[in-house]
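Shown next are two forms of a single protein chain, provided one at a time as structure tokens under the names structure 1 and structure 2.
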Structure 1
């Protein structure tokens, strides 16, 4: 008896170990798939922080995420008279940058030449701001001070202190600087790393010594907002595009939830003539690609919904938010999801409510709709994601001015602003990452409803 019990325990232990091994293997596979699918997004997010995302070979190493650089940026921003996280150069303050070079044997040791360049903000429309006041016209570079000199192998290592003082009555939100050294002199270290090292290492450039930690890390993200503005209204275009996308997306999500829930409930619960034919027609419309109906939908908006809007003094619905919203109030997929979900709910609740004297509208609003939260949550995510990322149809409907663009169309304009000739991919990547954040946040908030809604939508009661 005891031998039999020990044998049973060994079998159970082996079964448990095999079960945990299977679970571990499944989690490992899922982890590998998540790394595979999220790898491009993470690499894009890391690259959006870099000064030169197209640098070859590609690497995940980013100077903007270095703790040493954060400390250096914080110190200089504090020296400028503002906070360390968001800085500026205030009147009467002095900023000191420390830098170390290695001079090879035989090269004359001379201090670097410090220049405060007159730079416009990036390659965007802010580059046309010809009335800008430059920091170089108001600040003064003190005599460069040598701090230390140490003999090293094959040369000498020299550290310098470069002080810049703002003796004017103005405050500046940026302080760029270029340091020029002789050929073969190697840059070793500084208070924080330069943004660029150019001309065979002879020039080290910093975009802003006093920007602060947050603008230093998210330099390209700040450029997206600050360098693009409307010539007609003066508003920041990227902020306007985000507002337009949120407005259109929220309106479409609300209309989809309202009409899809009502249509799905009617097809699942109400009995009327032609119900099955109507459902087949909805399924058929799901099989028709958007390219087939593109021209007809365009003509409908051009003529003002078959000309009806012209009867009320209106014109074409092209290049309007109204036309973009009306053309996508509700989709067939949303109706299908809601119908399948309502069919999975027990009918006894409706029957008991009817016995108590509840009408069809009361049953739908007070009983069925609250139970449909999982399906509505899944529908919210799917609709929000679809409308937010929609590109082709808004590109056709919304043409001008740029203030009317959605975020996806606005990002397309970045190709001409930054990529043509300048190859400045940082703001483009930053804009793409910002556009993905609402979808990620929405999925995190509604993920429980999303999983439940998708799993229950095909269950029949």
Structure 2
């Protein structure tokens, strides 16, 4: 009896263990796929923080994500007189950078030479900043002082303290610095890591000693906003594009919701001449590529919808949001989704309302629409995603000025802005990540609707 009992226990334990191992194997596979699907984004997002995202070999190590650097940046920014997160070099303040070099045996130990360079930021801004006041003209390097010297293998390790003082009456938001050492002298460490090490390690260069932690981490993201200004209005282009994208998306979502449910209801429940033909045509239109219709649509907008806009004193609808919106009030797919949904609802309520004397409009507004909430939820998300990500049609309609661009077209223009010569991938990646954020947040919050939306447009019916 006891042996029997032991035996059963044994088997139970084995089954249990096996089940756990099965689950473990599945999780392992799932994790591998996660790396495949998410890794790309995360790595792109991390690299968008780097000074040079194209550095070879690519590595996960990001200076901008090291606690040691954050502390160093914070301390320097505090010395500058403003906050540690958003820093400044205020009048009368002094900042001091500590830096350690290794001098190999045989190399003469001389302190590094410090230069405050005059740098322009980006191409777009430089044009507007001709009378820029350079920090270099107002602050001075007070002293370069040796603070310690220790013997190490094959050489000497020497630490210096470099103090910079702002004795002018002005405050500055940036303080770049270049340190030059003789050849073969090795940079070891500093209060925080330099942004670049150039010329075989002879030059260590910092973009901004007093910027504060946030601008330090999101350096490229700040560049995206700060370096692109509109030629005509002087406003920040990237902010304008975000605003444009939100405006167009929200308007189109609203028109789509209203008009798609109206048309969907009519197609699903009302009898009228040519209903079936219309439905076949809608299906047909869903298969026809946008490239077939865009030339005519371009002309229609150019001529102000057959000259109709002239009645209101308008002209061409090219390069206007009106044009972009009016040509995409409601898509065939949206109507299709709503039609399929309304067809799936029971008829009883509608019929009894009709017997009670309700009109078609009343039935639609008071009975059908409230029932359509789940479909409308899915449709909202689908439309938002579709319009936010739309590329081809805005590319055709919005060509100039750059103030009129949506985010997708604006990002495309980044390829020109930051690719004269070598690609400056930092701001390009940063811009891409920022523009994906709203949709990713929306997705995380409403992911149920995303999945439902796909099923609605695909499976139902």
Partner chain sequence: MENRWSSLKEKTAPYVLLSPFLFGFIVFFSYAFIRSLYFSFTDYDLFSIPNWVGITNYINLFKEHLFTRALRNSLTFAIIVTTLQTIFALLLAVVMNQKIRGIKYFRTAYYMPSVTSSIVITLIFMWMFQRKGVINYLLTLLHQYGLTIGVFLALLAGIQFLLVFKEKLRGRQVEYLEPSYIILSIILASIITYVFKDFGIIKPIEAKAVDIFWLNTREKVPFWAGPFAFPRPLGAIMILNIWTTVPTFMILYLAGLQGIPKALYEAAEVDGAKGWQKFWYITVPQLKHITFLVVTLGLIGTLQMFDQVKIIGNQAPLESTITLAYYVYQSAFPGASAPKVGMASAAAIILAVLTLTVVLIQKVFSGEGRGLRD
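Just so we're on the same page, rigid core means the largest C-alpha set that superposes within 1.5 Å between forms. Positions refer to the first chain, counted from 1. Given the structure is predicted, the values throughout are model-derived calculations rather than measurements.
Only structure 1 comes from the form predicted on its own. Residue 400: CA moves less than 2 Å between the two structures after rigid-core fitting. Shown in the overlay between the two structures, fitted on the rigid core, is a CA shift at residue 284 of 2 Å or greater.
A movement of the C-alpha atom of residue 190 falling short of 2 angstroms is seen between the two structures when the two forms are aligned on their rigid core. Core-aligned Cα shift between the two structures at residue 338: this is 2.5 Å.
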